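Read the single chain below, which is given as structure tokens and is the form predicted alone.
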Amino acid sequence: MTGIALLFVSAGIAVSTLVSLFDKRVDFIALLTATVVIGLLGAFFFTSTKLGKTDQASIFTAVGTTWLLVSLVGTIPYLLAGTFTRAGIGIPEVLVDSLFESVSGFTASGSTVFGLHNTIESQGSGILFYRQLTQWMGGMGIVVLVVSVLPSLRASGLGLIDAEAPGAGVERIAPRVVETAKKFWYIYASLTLLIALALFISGMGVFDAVSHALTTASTGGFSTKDSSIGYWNSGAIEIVVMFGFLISAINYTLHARSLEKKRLDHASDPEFKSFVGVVATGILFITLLLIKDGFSVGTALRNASFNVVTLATSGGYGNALGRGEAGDFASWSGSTQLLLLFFIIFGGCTGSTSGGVKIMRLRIGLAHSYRILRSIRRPRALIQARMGNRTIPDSLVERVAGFVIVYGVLVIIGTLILTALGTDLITSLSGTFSTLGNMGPGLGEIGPTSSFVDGFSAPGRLLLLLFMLIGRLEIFPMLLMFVVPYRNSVKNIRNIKRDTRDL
């Protein structure tokens, strides 16, 4: 499985190598070398392994290992191109920055270490296109892509997809798991093409339109410009991006059902209705707060809409022309930023490309709280948590409760460590939330016009890239991936002890 994933990454770098031909061959040799090296490594992994036992523990180990190795080899193009090599920093920090950008790309986080001393626009088009492609490949899911082309995984395919997908799991939308994976990718690719066309019509060039379509459909947030979407200062482009984010942040199962039935099947879904209601309410309140702070009605509505949608979908784009400009939410009032923190935490819907805790978990938490209140009034009654017309299984409530507890512990630990490393409290807290939710920007020193180099030291960025992986695969799959290695290690140690006794 890891071998095929690396072959897909190699193919993406090969496309980026072709793109570099139109940019005076900048980074051509580096990208070509990376294509060959990663392609050979993927071919070796694929041909030298065979399908083994695929119990639940093995599934989590396979998914986690695939993501770790893809993120590691994803640094090779950056290292060969010298993307993060600059005066005043050593090799260890170059390695950290390359790994941070790779992990941020494949997890579709959008957090970046490009900054004032190493700008995005100073890079070649080939390396920039590769950077955009990492988010597109990771947005829908590398394992979903692997399952779609590997029929031999049909017995455990749904488990693999479920282990990779953040949220409450994935629903089968076709009789065969391979067909389910293909449908997800067909919808994803079609949406990407539509967004690219809309961005081109709205005023972007071909390269920028395709590049931003890749990171809009994946709700990733990487841009080819230092000032992100703010570079164009175009209301039409911002509207296209917002619609792209919103569609991508909705459960893809709903999209698939709607296409199959040839009518919208979204209105009956409680999570979708909650998501739309939360976003609309957020836009209204943020707009009113910005008007209160002195913005005109038009400016307030435009910036509130764009930034609420961006954060609610974990999009990661910014529409500010520079630090302190109207769209830079890091410069807004404290009350406005506090409200934005809600969107940084919760994100979009399950089964989508967006990050965050998910609206589904918020709904389940509120339903469980309501059940507890009712049970206090009627202690003998058997009351179940409900969401719309559906009853929520107690097992799902327990999973959500466990997730929230571990999530809260990680937030506390991350904030404490980052603060101890010298980062201010607001930046540490929002940075932890942002990376765990694969959001991209945060508050304080890591706003939409800032870089994570500005806010965190190299050890801090190492911790945050780990949080990005945990946020993408979620907490329990990342923990469970170590079950098989631990189990095999214990078995080997026992065998060694037994052989020693026999001698």
Partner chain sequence: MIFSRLSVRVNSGSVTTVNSPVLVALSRGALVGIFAVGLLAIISGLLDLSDSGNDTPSFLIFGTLITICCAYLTRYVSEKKLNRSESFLAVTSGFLSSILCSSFIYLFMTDEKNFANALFESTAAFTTTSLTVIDFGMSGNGLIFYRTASQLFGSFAAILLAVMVLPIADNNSRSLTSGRHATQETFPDRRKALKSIASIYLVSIVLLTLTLLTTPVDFFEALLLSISSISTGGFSISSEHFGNSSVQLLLSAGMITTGMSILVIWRLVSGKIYSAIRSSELHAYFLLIVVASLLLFLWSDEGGTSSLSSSLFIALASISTTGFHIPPFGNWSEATAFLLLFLVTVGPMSLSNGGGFQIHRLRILIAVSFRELVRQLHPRAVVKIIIGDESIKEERVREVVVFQFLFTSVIFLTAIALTISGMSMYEGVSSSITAISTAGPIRNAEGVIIEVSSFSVGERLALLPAMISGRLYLIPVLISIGYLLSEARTFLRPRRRLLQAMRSDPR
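Positions refer to the first chain, counted from 1. Keep in mind it's a predicted model, so treat the numbers as computed, not measured.
Another form, the form predicted together with the partner chain, is not on view; read the next lines as being about it.
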Looking at the partner chain in the predicted bound form, is some heavy atom of each of L436, S489 and N495 within 4.5 Å of it?
no
L362, A209, L191, V113 - the one with a heavy atom within 4.5 Å of the partner chain in the predicted bound form:
L362
Answer option from L264, V297, I91, L338, heavy atom within 4.5 Å of the partner chain in the predicted bound form:
L338
L382: touches the partner chain in the predicted bound form, heavy atom cutoff 4.5 angstroms
no
Is there a heavy atom of K292 no more than 4.5 Å from a heavy atom of the partner chain in the predicted bound form?
yes
Contact between L480 and the partner chain in the predicted bound form at 4.5 Å, heavy atoms?
yes
Looking at the partner-bound form in the predicted bound form, is V406 within 4.5 Å of the partner chain by any heavy atom?
yes
Residue stretch of 117-125, 303-311, 192-200, 393-401 approaching the partner chain in the predicted bound form, non-hydrogen atom distance within 4.5 Å:
393-401
Taking the partner chain in the predicted bound form, which residues along 400-432 bring a heavy atom to within 4.5 Å of it?
A401, G402, F403, V404, I405, V406, I412, T415, L416, T419, A420, T423, D424, L425, I426
